Structures are given as C-alpha cells and as structure tokens.
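To begin, one chain is listed below as structure tokens, in the form predicted on its own.
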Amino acid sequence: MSVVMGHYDEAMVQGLPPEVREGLYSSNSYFMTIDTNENRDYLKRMAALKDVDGIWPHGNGVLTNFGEGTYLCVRAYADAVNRAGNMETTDILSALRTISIKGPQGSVKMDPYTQHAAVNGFLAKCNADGQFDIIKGFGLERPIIPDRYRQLHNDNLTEKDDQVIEVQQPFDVDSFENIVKSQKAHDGPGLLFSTAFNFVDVGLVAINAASKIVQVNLVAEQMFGYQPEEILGKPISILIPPRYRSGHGNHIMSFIKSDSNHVLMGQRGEISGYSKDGREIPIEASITTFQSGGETYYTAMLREVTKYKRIEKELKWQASHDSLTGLPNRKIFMERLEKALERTSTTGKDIAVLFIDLDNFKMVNDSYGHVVGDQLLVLMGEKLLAVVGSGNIVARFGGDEFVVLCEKIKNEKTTTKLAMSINEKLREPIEIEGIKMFPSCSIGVAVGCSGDTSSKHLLSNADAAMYQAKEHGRDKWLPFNAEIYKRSRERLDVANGLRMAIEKDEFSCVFQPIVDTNSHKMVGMEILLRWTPESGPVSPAIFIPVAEMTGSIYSIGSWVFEQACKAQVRLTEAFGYQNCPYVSVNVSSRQLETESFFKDICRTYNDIGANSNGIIIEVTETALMADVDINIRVLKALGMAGFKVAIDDFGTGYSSLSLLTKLPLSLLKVDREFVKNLELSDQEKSVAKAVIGLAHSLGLKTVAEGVETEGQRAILSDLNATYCQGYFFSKPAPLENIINQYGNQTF
C-alpha cells in the first residue's frame, strides 16, 4: 500500500515513530533535503541561530513547508514594494505580476494570468530516520484555477489556456449592459447569464417583455428566499410588497415603452423588496435592456442595503455620541442647544447650561491608570443622568468635562437646586476595582434665552463660571455674573495678547541671584519672564496660567529657554568657564508632556553654543506629578544630556520620597511659605529644618526662596541651607546689572 500526502514534511514526521513514517510518500514544494545552493545556505544560517542545536534529524532545527512559504511571501512582497516605489495597493499588485525570486527549493515566479505563484513540485519518500529521498522533481508548475472560479468572458485574456484563466476584476454594475452584450447567444431563456454571474455580489433577476421572471442568480435566490423552480415563470411583482405592486407594474411598463436602455443605481433611490417569508427588504436597484436570441429581456440588478443602513445608523450614532459613556457629544449638544434657544422665544422661559468638570481627575489617571479613569467617567455620566432626569440633556465634551442642558427654567431656585444636587451626588464615595475614591466636581451655571445670548456665549459663560469655581476651592458651583464676565474678558484679552507678544517684542527677562548662604557669593541665577504690552505690565501670576491653559506656553517657554542659553554664554564670558554661575529656568508641565520638548531644547543650546552643565531645569513639585511617567522619562533624558534638575516650591505638592530617588536631581528649592515666618514661628522653623534635612539625606543641595531679612538668612545658615534667593540679596534685575553687581567676587 502507498500513501501520498501533500504538505507532509520533516516537521510533521517528527512526532511519528520510525516504523510508521518509513515509506510514506509526499508531494510537496519543499523538503530540507532538496539540493540547491539557496537551501544549503538557508539551512546553514538556521543552524547558526540561537537555541538551534543542529538540523533535523540530528538536531532541533526544522523548516516547515509553511515556514518556507511565509519566507517567500515576505520576500516577494518586499521586492514588489521596492519595484513599485510606494505603498499604493494598485502599484504593488502590478509589480507582483512580474516577481521572480530564488527560494530554498528553487525559483518561484508569479503567473501573470492567474496572479498566483508558480512553484517547484517534488515527490519524496520518507525514511525511518525522518529524512526524505527526492524521487522526482517536476520543475516550475503553473497554478491551476478550479472551474468554479473561471471567468467565461475571455475578451481580456492574452493566453487562451484551459487551465490558465485570468481572474475577473470586481463586478461593475454600471457596465452590466456591455457585459451582457458580450456574451455568446444562448439557445434558451434559462441560459441568459453565464455561470460566472452566480458569483457577483449583487442580485440579478431577468424578465421578459411580459414581466415574467426567466432567470435569477444565486444572490437573488438567497436575498428573496426562493428556489429557482419556485420563482421562474412568475411575474416580477412576486418580489414586490403587495401594497406597491400595482404602482410597480406601471413603472415597469413605462420603462419597457420608453426609449431608455437602462436606469442606474442611485437614480431611483431606495425601494422595497418582498421575500418569500413576508419580510420587506430595503434594496437599491438598476435595470437594463439587452437582446438574446432575437428576444428582448430586462435585467434588474439588486443590492440589499439593510447592512448599509445599519452601518449608516451606527456611523451617525458614533458621530453624535461619546464612545465611552454613550452620552451625546459636543456636536449634538450644540445642535440641541441652538434649538432649545429658539424655543425660548415661544415658551418665554429661560434655559440653563451647567458646565461640569471633575476635580483632580488627572490624578486618578496618573495614580491608577486610564482603565480606572474611564470607569470613573462612565459612573459619573450615569450619576448625572440619574440626577438630571428625563427631559434634560447630559453630554460629554471630552476628558472630564460634562455639560447639562435644562429647558423651561422657572426661576433661580431651579438651577440652584439642580447644581447642588449634582455636587452632592458626584461627591458620594465610590469603589472601582477595590480602590475607594472620593470624587467631586466644579460646576458653572449660565442662564439665558433667545435674543439676549447665543449658544456659544451661553456655553462660554458656563465654562467661565466653572473656572471660577475651580479657583475658589473646587467641589462647588457658581452662577455666571458680571464679575466672572469681567475676569473672563480679562483672560481672553490676555490670551489674545500672548499670541502676538513674541512678534511684538513685548517680553523681556530679568535675573535674580542665587547666593551661598554663608559667603553671599553668587552661585547661580534664576531667569524670570516679564511681559509689558502697550496697555502696561501684566503680572506673571496672571499671564502664565492663561498661557498654560491656551497652549501659548509652548512658544513662550521656547523663547525663555533661548534667552537662558544666551545668558549662560554671556556669564561664561564674564566669569570664565570654571567659575561661571548657573542659569536656572522654569519649565511647565505642559512643556514636559510634548514629544518634541527634549529635542527642541537640545537643538537650542547647541545652536547658541551654551553649556548644558551650566543650565538647571526647574520643575515645580505639582508639575512633576502631572504625568509622572512622562516627566520621569524626560527629566532622565535631560540628566543624560548634561542638564541639572531642580524641584521648585518643594513641600507644597505631594511627591513621594521614592519618586525623588528616581530623578537626576541636583537641587531642592524650599518654598517661600516655609521661609517668611522663620523668625516668628518655631513650627515653621521645624518644617524648614525637616525639608532641608531631607534634601541633604538624598545628597541634594537646597535653595531657600523668598529670603528678605538678615534674621531669615541667619536661621537658614544654622539649618544648613546651602543657598538662598530673595530680595535681601537682590531684586530681579537685567543680566548686565547682576554681572556688574557680582562681577568682582572671588571664588
């Protein structure tokens, strides 16, 4: 008895005992014993791989038929991409037609007619030790396409071969008339279509001049649920819902009597079909006329659109709803807000917008991950729906922002009660994945009606009121009022002014010395930004938060860092390389979070010629915790590039000691809050002592900020503060003033 198997190779015989595998034949495209230069080289490289201790049957290295096929496919695709010169599908497909590569078993060549690979075939016999003897090689074998895939329309074939038939391109319903005319004449109406039409992805139904069905394809049979014998010879109206049949019959007769030869899909719009089980099917249809055997026939091409309608519905839902919470998104909310405002002109009652922002949500994401953060957002959305009730709209604008629209507001008590209820509901403790949380939210409320506001202004007012609620301590609500409007306008004016401040040359920098606590010698200086528009100076306490909120901080921060690099170069000229004081520059959390931050500052100091060792990057403790993972990664990269890092305002945030040990820190800056009352409070002195002691235990130097008196300096000296900074030594001043003030110091 002989057994012949395909794809039976060395990998498969490993699990068989010698007496079973011996004598079994396999017809295949690859065996490890094929003697070609390519195969010998392939097996040699495989034997050299890690964890491979030899080639089968004397080791564990085995190449399967499928592994060899994958190897060839990847090489062929890469070759086609190189030939095409791009990644466009059509260009790659065209290039694949001409691919010919050498594989382990010999040359492999694409057959241009079938667009399949012609590969080498072999017949081999397996021995007891698991090796194969090659009995016969068949050379490069052309692919054979089964009859059911052949395309009988041969107009585009360049080679007429019983076994090599080019695969037809995707069916184009708009060219159906030309395809039908190209068919050979058939003897009977039952053979109007070639068998190839059973494989197009639209239903085809042919009728004669009497509107009787003479042929259907497989798709049409499946669409309507009929077998051919149940439908052939029946009037086409059997496929139309009963209530439409008389009208449809008139349409058919009108088309038959008209001079038109076809009506394409899309020109008639959607119509209804009628299945055998009584279901109505939404379909698109086109109809064309053709001649066969001296008779006139009419063919309807039918495409069921149920799936497309479902997809369209899903896409519309996705476009108007938040994918996480299922709530309406900004787009649909604004549309409904517009309509609600219009209705106020007839109802005479106000509407209210409540802008809701979760407090400290970023901390949840950073501490517990985005999965927990997402679950929190879903729960908050559900709580809002429960509080707000039916008739009002709850939407999610993205991030941790939710918005509520209430119509027919009777009086101020209505919004007050609702806002208080939301605050109360959202501050209820919750538990997610074993983590107990105590969330809260800040709410801004704006009320208006048609004629005195617009939808954008109403939303903007609610947002401004929410912003003020944040500034007033969070976990509360505030109504929009004149004072909030004034502050909102001021922020807007500041934001608009900042956009052009660099171009208008309105920024300048001053420097404040950082000195040795005991010797008073300057060791460094902090660069401080000043903004003086035409209207007058604006405090950094006002414009820096606005710059961070609007994103202007990116360009402003880059400009400040450039000035710091220039200052460092100037200090090197004035004091020399060895004795040069460092320049300390503040960086915001938003700058750290940008992907290009590290590359940008490295490029800047290289272009200017500054020394990275002479620049210290200051990050506030609060900013450091904004996105811990990203910040640690960026600060470590800065340390490797030669920059030193300082934590500013230390003691006011919530960083952990373990985090401090992971960073390339040089300095801890003790916040001025712990310095200003040193002479008055033993408690403040104890806190300052603890912070300074902590820094020294970590091997860090300290800078005490806000030193204004000799008494404060003396106490800080007793507490071993390394450096000091404050008005007692110098107010912030232009760089040249500082150089002149400390230029004669000796080191």
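From 1 onward, residues are counted along the sequence shown. The structure presented is a predicted model; accordingly, all values stated were derived computationally and were not measured.
Note that the form predicted together with a small molecule isn't included here; everything after this is about it.
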| property | result |
| --- | --- |
| In the predicted bound form, T415 touching the small molecule (heavy atom, 4.5 Å) | no |
| The small molecule contact at G706 in the predicted bound form, heavy atom, 4.5 Å | yes |
| The small molecule contact in the predicted bound form: T299, any heavy atom under 4.5 Å | no |
| Partner contact for G23 in the predicted bound form: the small molecule, 4.5 angstroms, heavy atom | no |
| Candidate site E526, V587 and G726: all three near the small molecule in the predicted bound form by heavy atom within 4.5 Å | yes |
| Segment that reaches the small molecule in the predicted bound form - one of 570-578, 526-534, 345-353, 207-215, heavy atoms within 4.5 Å | 526-534 |
| Contacting member of S552, Q512, T517, Q468, with respect to the small molecule in the predicted bound form [4.5 Å, heavy atom] | Q512 |
| Listed residue that, although the small molecule is not shown, lies within 4.5 Å of it in the predicted bound form (heavy atoms), from I544, I283, I231, L426 | I544 |
